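The chain below stands alone and is given in structure tokens; this is the form predicted on its own.
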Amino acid sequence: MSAVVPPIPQGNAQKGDAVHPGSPVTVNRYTPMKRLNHWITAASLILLALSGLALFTPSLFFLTGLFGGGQNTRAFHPWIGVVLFLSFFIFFFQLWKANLPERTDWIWLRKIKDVVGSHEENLPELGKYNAGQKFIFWSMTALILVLIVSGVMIWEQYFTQYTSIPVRRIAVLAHSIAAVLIICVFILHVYAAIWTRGTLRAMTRGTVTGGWAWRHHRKWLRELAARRKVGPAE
């Protein structure tokens, strides 16, 4: 009778993910293209926040100085929004499958005290992303869609003739609310990346250590090992 082969754990491994033996072991987490999309998205979001806040309230109008004045800020803001939309959704189509909800996400959320307290031994083994990271991903997706749709509706230079004044008023309100929410989500994302030691390395070098992967995303690491996605040491 042939031996029973245990099933390969499914941790949402993607193209380019690989384990590299060495001292220490390193694991490829993000390809150069994914990192490029990420940083373009981050830069666009920061510029949009600054320019949007400058246009939102007179008390922050001084921020228009960063863009060469009020007229330039008003002209640049929507185009930066287009860059954000395109960059993020290139990123989206690379990562959406790995961010689909799983049963372990609900267990992770129920044990949020252990997450905050860094008691990973009490948490389920996770795939490439945890529930918090998935929340950031899907929140960004929804809010960027609201921002681009509402932004186009109030882009007077090109689209004012296609919407009525009442519709534009609703669009302005939706745009403002979505902008405030996405700034909050962005701050949460940055805080979590800094708080979880070793996370920033994934988006600067593209790799994490084997110890980091084992501690935070063990299911994903097991899948890479089981599939023998092992490359030469760098």
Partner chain sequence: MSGTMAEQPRTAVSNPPVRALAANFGEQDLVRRSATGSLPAPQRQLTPVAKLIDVSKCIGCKACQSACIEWNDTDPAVGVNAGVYENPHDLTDQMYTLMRFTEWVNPETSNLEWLIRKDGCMHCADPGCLKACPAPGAIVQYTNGIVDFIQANCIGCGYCVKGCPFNIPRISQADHRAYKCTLCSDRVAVGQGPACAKACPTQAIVFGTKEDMKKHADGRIADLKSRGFANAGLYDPPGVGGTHVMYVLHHADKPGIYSDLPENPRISPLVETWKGMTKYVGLAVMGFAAVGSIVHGIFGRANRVAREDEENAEKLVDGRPVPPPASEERAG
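Residue numbers count along the first chain shown, from 1. These numbers were taken from a predicted model, which means no experiment stands behind them.
The following text describes the form predicted together with the partner chain, which does not appear among the structures shown.
With the partner chain omitted here, the record of contacts in the predicted bound form names 157-165 of 128-136, 84-92, 157-165, 141-149, defined by a heavy atom within 4.5 Å. Though the partner is left out of this view, T57 does reach within 4.5 Å of the partner chain in the predicted bound form, counting heavy atoms only. Though the partner is left out of this view, V25 does reach within 4.5 Å of the partner chain in the predicted bound form, counting heavy atoms only. The closest non-hydrogen atom of G16 lies beyond 4.5 Å of the partner chain in the predicted bound form. Using a 4.5 angstroms threshold between heavy atoms, G65 stays clear of the partner chain in the predicted bound form. Residues R168, R169, I170, V172, L173, S176, I177, V180, I183, C184, I187, Y191 are the members of 167-193 with a non-hydrogen atom no more than 4.5 angstroms from the partner chain in the predicted bound form.
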